[in-house]
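The chain below stands alone, shown as structure tokens; this is the form predicted alone.
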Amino acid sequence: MEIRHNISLRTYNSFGIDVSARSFAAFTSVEELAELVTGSTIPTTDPLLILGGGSNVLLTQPVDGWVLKNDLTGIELLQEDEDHYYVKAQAGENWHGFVQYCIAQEYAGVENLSLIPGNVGASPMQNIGAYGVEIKDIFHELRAYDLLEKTIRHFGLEDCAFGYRESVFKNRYKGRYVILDVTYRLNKKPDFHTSYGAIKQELERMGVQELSIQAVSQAVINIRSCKLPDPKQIGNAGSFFKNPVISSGQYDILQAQYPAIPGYAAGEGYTKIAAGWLIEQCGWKGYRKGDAGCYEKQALVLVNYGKASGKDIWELSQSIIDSVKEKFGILLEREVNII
């Protein structure tokens, strides 16, 4: 295990923000993690940041402390029953790689979550979701290392308190646990979700005659590739903002004024609004100031065209939040973690 000092984190975050970390180490086993945090290596007073794929973080300042990169890898089938496969993936596994592995094995349930950037460990932390499927729909359990108690804890579905892009790891236990591995309950018989977004239209365009998890995955990949920039080409963290949920009464008022405003049922008395539409109506789509911008094909995505700082991206996001609040009376919430 190599410990490095004063290194750039530019290649460790999908925004490509060039800030430094005072100390950096990657761990490939639970034992290495424990050695770092329970021994004399890291003082208890030092700030500590755990990084996985770095795909949902905006670094706005140097890390005057330790950055530990989660490089735990491995995938295994733990057990199966009449209807399900129980598949455990280590937190450092690339998420899309894991999805493709499951599809190759005919494990159904993750196909709608294809091409989402990041690693497995972030999937329950964010309760990632796309095209009508969320992690909570396929989650079984996870193991996490408690940085406070220096022990390993198991979390079941209820323990995680999943919400819309939320879990206990983003609020109540933020910074306390390091997710080690996640076990998913995947289906032997596919339960297809093709009505959300443009999946059905893309399947028709592809000429798919017989529905399969492979076809749904490819349709999602095609859609995302057209709408979202590749972080390897243009720095970004995917959707920067959550889709806001408002009362259905407030939505009715807005719809009377803006008939085209898209809304989706979000439980009794509530409606989810497409944040990208709100941002676009405020004129931000395709906006660029320096190297910070709002992607030309999807207003929900903020981008770094090269040398933007984390502060540049944050200030752009704040301007967008302010303008949407002024025009629609809706307060957007950042989905990306700000460091």
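Start at 1 and count along the sequence shown; that's the residue number. All values reported here derive from a predicted model rather than from experimental measurement.
The next section is about a form of this same protein that is not shown, the form predicted together with ligand FAD.
Not displayed here, ligand FAD is kept clear of C282 by more than 4.5 Å at the level of heavy atoms in the model of the complex. In the model of the complex, ligand FAD sits beyond 4.5 Å of every heavy atom of L36. Although the partner is absent here, S167 lies well away from ligand FAD in the model of the complex, with no heavy atom inside 4.5 Å.
In the model of the complex, ligand FAD sits within 4.5 Å of a heavy atom belonging to L228. Annotated contact segment (heavy atom within 4.5 Å of ligand FAD in the model of the complex): 178-186, selected among 98-106, 201-209, 178-186, 250-258.
Judged against ligand FAD in the model of the complex with a 4.5 angstroms heavy atom cut-off, the residues N70, M125 and R224 are in contact without exception.
The listed set A91, V87, V110, A219 contains one residue whose heavy atoms approach ligand FAD in the model of the complex to within 4.5 Å, identified as A91. Among I42, I50, A26, V63, the residue placing a heavy atom within 4.5 Å of ligand FAD in the model of the complex is I50. Along 111-132, a non-hydrogen atom within 4.5 Å of ligand FAD in the model of the complex is carried by I116, P117, G118, N119, G121, A122, S123, M125, Q126, I128, G129, A130, in order along the sequence.
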